[in-house]
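First comes one chain, alone, set out as structure tokens in the form predicted on its own.
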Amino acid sequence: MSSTGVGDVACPQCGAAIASGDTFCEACGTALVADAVAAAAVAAVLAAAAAPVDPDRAGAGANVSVPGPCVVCGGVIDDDGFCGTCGQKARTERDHWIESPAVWVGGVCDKGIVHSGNEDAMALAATPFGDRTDARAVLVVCDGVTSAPHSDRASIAAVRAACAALVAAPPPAADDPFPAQLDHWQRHLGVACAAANVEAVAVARVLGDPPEPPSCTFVAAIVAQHLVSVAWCGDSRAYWIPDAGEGEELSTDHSIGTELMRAGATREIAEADPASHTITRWLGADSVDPTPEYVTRRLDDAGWVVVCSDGMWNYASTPQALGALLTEAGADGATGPTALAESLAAWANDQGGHDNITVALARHERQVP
């Protein structure tokens, strides 16, 4: 796909020229980034990315069998990629992978038990700027929409584009007041979400614009300068789980379940409704509103920022439930983010693993005055 410079901004959908301030492309009607300068930033991030993404690759390697015994019975995997004892297909790197860019950041993306493939994706980064107090964590999770074929390709392309955008974003000034830092990260999260949407749309274009184009949800969190800033589109979630005290669900699902709760239903009733997981916003060629929502929160205490797909929160929806799982995993010896993520994913699989499971964590230490 072609890219443009700051002075030559084009619609990511049809390539027509757009002007500063345009919110829709006059040629094709596609919703645009709110400002053409931001649109140019999206194009610059995508153009500056490393080699073109192979959507079939995930984590550190390709969609190939992982060496080792069968994960079901412990038998030997034959050359055809199946267990010689029970016939189970060998797990691939797309089925389960780990990212751990720093000792305080880590995550797991897992196929789960029921689904035949993994349509979730994650991209994590930890980029320090000087000392630890000026470090940055980037957590991005996208959940491919199961009903749309090839959504696994949209999700992996989207997370990588968004993560690249957030890693490339400059930090705000250290002495900026809270409103200025909030505005800074919100703008860059908007660019990241737009870049993710461009890549999700591009997958549909490569596939010949199928009637059900691949699509995905989106959630991204930045932990920097004792703040967490989150953007989301869909029902993948972000939480703040302090070591002591009440946790907080930072995002609010774009879903029928949320609409039911706004109409007065309890969380339990809304989440049990068969239509609860019907999303009202997503990324992809058929999205009517790929605009994210934002929230920024100060972090004064020690705890964990958790970003996850619904395959995780299906079984532990409230901050209290998620916090209890983290406490239990810590008591069992899981102390680092990757070990905690593995424990949470394994627990979700023990509950039935009815969906793909992605969980990523970043550690925040208490701010010392």
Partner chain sequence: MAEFTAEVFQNEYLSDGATDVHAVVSITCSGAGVAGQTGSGEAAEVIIIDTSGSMDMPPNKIASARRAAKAALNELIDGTWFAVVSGHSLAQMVYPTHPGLARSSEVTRGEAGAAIDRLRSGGATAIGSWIDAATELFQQAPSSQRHAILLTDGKIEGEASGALDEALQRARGVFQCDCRGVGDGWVVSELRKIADTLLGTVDIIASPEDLEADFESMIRTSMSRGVADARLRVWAPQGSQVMFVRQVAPTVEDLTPRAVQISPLVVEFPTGGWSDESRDYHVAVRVPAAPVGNERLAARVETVVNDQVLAKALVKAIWSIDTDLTTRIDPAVAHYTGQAQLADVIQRGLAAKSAGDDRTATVLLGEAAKLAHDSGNESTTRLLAKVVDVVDVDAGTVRLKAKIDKSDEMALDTRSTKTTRVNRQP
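The term rigid core refers to the most C-alpha atoms you can superpose between the two forms while keeping them within 1.5 Å. Positions refer to the first chain, counted from 1. Predicted, not measured: the structure shown is a model, and the values here were computed from it.
Missing here is the form predicted together with the partner chain; even so, the following discussion is about that form.
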Query raised in the report: Counting only non-hydrogen atoms and a 4.5 angstroms cut-off, does Y294 reach the partner chain in the model of the complex?
Result: no
Query - in the model of the complex, D176 touching the partner chain (heavy atom, 4.5 Å) - result: no
Query raised in the report: Is there any non-hydrogen atom of P170 lying within 4.5 Å of the partner chain in the model of the complex?
Result: no
Report task. Using the partner position in the model of the complex, report whether S147 sits within 4.5 Å of the partner chain, counting heavy atoms only. Result -> yes
**Report entry** Sole residue of T127, Q88, S100, T280 within 4.5 Å of the partner chain in the model of the complex, by heavy atom
**Finding:** Q88
Query raised in the report: Quick one: in the model of the complex, does every one of F82, S116 and E212 get a heavy atom within 4.5 Å of the partner chain?
Result: yes
Query - in the model of the complex, segment of 226 to 234, 74 to 82, 198 to 206, 264 to 272 with a heavy atom within 4.5 Å of the partner chain - result: 74 to 82
Query raised in the report: 2 Å or more on the CA of A90 between this form and the one not shown, with the rigid core superposed, yes or no?
Result: yes
Report summary line: Under comparison with the form shown, the C-alpha atoms of A348 and T85 in the model of the complex shift by 3 angstroms or more, placing them farther
Report summary line: Checked in the model of the complex: CA of G353 to CA of C86 differs by 3 Å or more, atoms lying farther
